[in-house]
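One chain is shown next in structure tokens, namely the form predicted alone.
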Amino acid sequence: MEIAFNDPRYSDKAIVLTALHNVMDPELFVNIIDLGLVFNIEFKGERTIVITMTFSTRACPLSDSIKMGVRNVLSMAFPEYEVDIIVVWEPEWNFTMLTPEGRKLLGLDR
């Protein structure tokens, strides 16, 4: 996920992105950014952060844990904000969404 340099909330979104690097998929031990699970970061209104993301499967047994991780890291970085998480299934997650670091962490770049 990239943030446009001309985005008026670039600095805040960069902080969110950095915080989300600390949210790990408990099964894969790779953060959700390098897994390519986060599609969008939006600041809505005065005090809401909206995260649009997916999971690797609809039946992800740890989706609640991952969402809790998102809320926890963002509540530390932006304690005065509410966090909304929108889970989408389009586009469907696949291995092409991994970052180069994610591919490396999963041992797919050998």
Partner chain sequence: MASINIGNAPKNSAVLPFYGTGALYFLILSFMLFFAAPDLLFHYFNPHILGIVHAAALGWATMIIFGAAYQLLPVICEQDLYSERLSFLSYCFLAIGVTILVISFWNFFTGFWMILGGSCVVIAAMLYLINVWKTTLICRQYSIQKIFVLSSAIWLLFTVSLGLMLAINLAFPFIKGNHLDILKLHAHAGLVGWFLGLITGVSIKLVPMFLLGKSKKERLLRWSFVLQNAGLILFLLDGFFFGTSIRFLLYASLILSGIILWLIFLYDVFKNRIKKAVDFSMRHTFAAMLCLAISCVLVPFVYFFSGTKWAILYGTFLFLGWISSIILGMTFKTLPFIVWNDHYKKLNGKVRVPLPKQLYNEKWLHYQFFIFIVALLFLALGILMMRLLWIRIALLCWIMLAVMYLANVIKVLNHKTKILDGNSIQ
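Residue numbers count along the first chain shown, from 1. Small disclaimer: the values here were computed from a predicted structure and weren't measured.
If you look for the form predicted together with the partner chain, you will not find it shown, but the lines that follow are about it.
Contact check for Thr48: no non-hydrogen atom falls within 4.5 Å of the partner chain in the predicted complex. Among heavy atoms of Ser56, some come within 4.5 Å of the partner chain in the predicted complex. Under a 4.5 angstroms non-hydrogen atom cutoff, the partner chain in the predicted complex lacks Asn31 among its neighbouring residues.
Although the partner is absent here, Gly69 sits close enough that one of its heavy atoms falls within 4.5 Å of the partner chain in the predicted complex.
For the candidate spot formed by Tyr10, Ile41 and Glu80, no residue has a non-hydrogen atom within 4.5 angstroms of the partner chain in the predicted complex.
Looking at 20 to 53, the residues that come within 4.5 Å of the partner chain in the predicted complex, counting any heavy atom, are Asn22, Val23, Met24, Pro26, Glu27, Leu28, Phe29, Phe39, Thr52.
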